[in-house]
Structures are given as C-alpha cells and as structure tokens.
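The chain below stands alone and is given as structure tokens, in the form predicted alone.
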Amino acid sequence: MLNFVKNSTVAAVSSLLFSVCTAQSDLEQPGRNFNSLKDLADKLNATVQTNVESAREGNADNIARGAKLYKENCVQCHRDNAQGTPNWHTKDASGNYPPPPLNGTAHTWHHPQSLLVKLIRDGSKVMPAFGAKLSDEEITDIIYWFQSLWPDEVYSSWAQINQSYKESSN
C-alpha cells in the first residue's frame, strides 16, 4: 500500500506541475473549465484529496458498517466522534488511563493494524474484549471508520508504521 501511496502522490504532483505550467494558456483559451487560478487550484486540491482517499484502506461500505458497529459497541467509552474521554492522558483514581481518542489526536495511529485488531478482539487491562461479539472483519470495519476521521498526515504516518511492521513480521 505504501508504494501505492507514493505512486499516487507522484502522479498527483506530476499532474499539479503540468497543470501549473499550462495554467496561463488554459485561462486564456475560451471554453476551458478554469476561470481563474483559484478554480484551477480547487480542482487540483480535489484531485490530490481523491488520490489520498483512494490510498486509504477500506471502502465506503466498510466505513459505513464500521460507523454503525462503533455506535453499537464503542461509543459508550470513546464517545460520539471518537474524541475519547476528557483528560484521557491523566490516570484516573484506579491508576488507569481513561479511553483515549481514536480520531487521530491520540496514540492509536502509532499501532499497526494487527495490534489494533488484537486489542479490540482480546481487550486489555481496562478495555473489554469484543472477540466473542465481533468478527475480525467487523473489528476491521470499525478501525476503517475511525481511521476515516484521521487527517491525511496522521493516516500517512500510520500507513508507514503499518507497512514497516508488516515487513518486519515476514
């Protein structure tokens, strides 16, 4: 997947450079879709965003299923938009950390996919296990959903971590 991300980025940058080089002539020719450099920039931004989104794992169906499963199983602790518990980085009275955000603002993105699946399936000292209730596919859909909330930079960093983990595990 990392190679796909790199190739998509190279393609987007190449497209951007070509478009910038031809922008002036595009603006001057009647019938072109670009009325201003802002229109061109908006179109290029949409192209780059599409390339980043297509590089993410999971599709719209996975993410929709994940959103539903998240609401049924995770929202009680990780909250509506996966923002986690306030003061999640401070231990509670029991000496445990409260549920962290899953929206890309905490440490979840530091963990490879296999560890995220294992943690949700098997639980931890504080988090309950969901393996008897959810299949690995359902767990993965939940992960796809909360990853869809991550900013592109966070997802890109996670993809590198995940790829490195896969390569070191082989």
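All residue numbers refer to positions in the sequence shown, first residue = 1. Every value quoted in this text rests on a predicted model; they were computed, and no experiment measured them.
One more form of this protein, predicted together with a small molecule, exists but is not displayed; see below.
Please tell me whether any heavy atom belonging to H107 falls inside 4.5 Å of a heavy atom of the small molecule, as the geometry stands in the predicted complex.
Flag for H107 set to yes.
Are any of the heavy atoms in S114 no more than 4.5 Å from a heavy atom of the small molecule in the predicted complex?
Contact with the small molecule, no.
Is A64 part of the interface with the small molecule in the predicted complex - any heavy atom within 4.5 Å?
No.
Might A60 be said to contact the small molecule in the predicted complex, defining contact as any heavy atom within 4.5 Å?
No, no contact at 4.5 Å.
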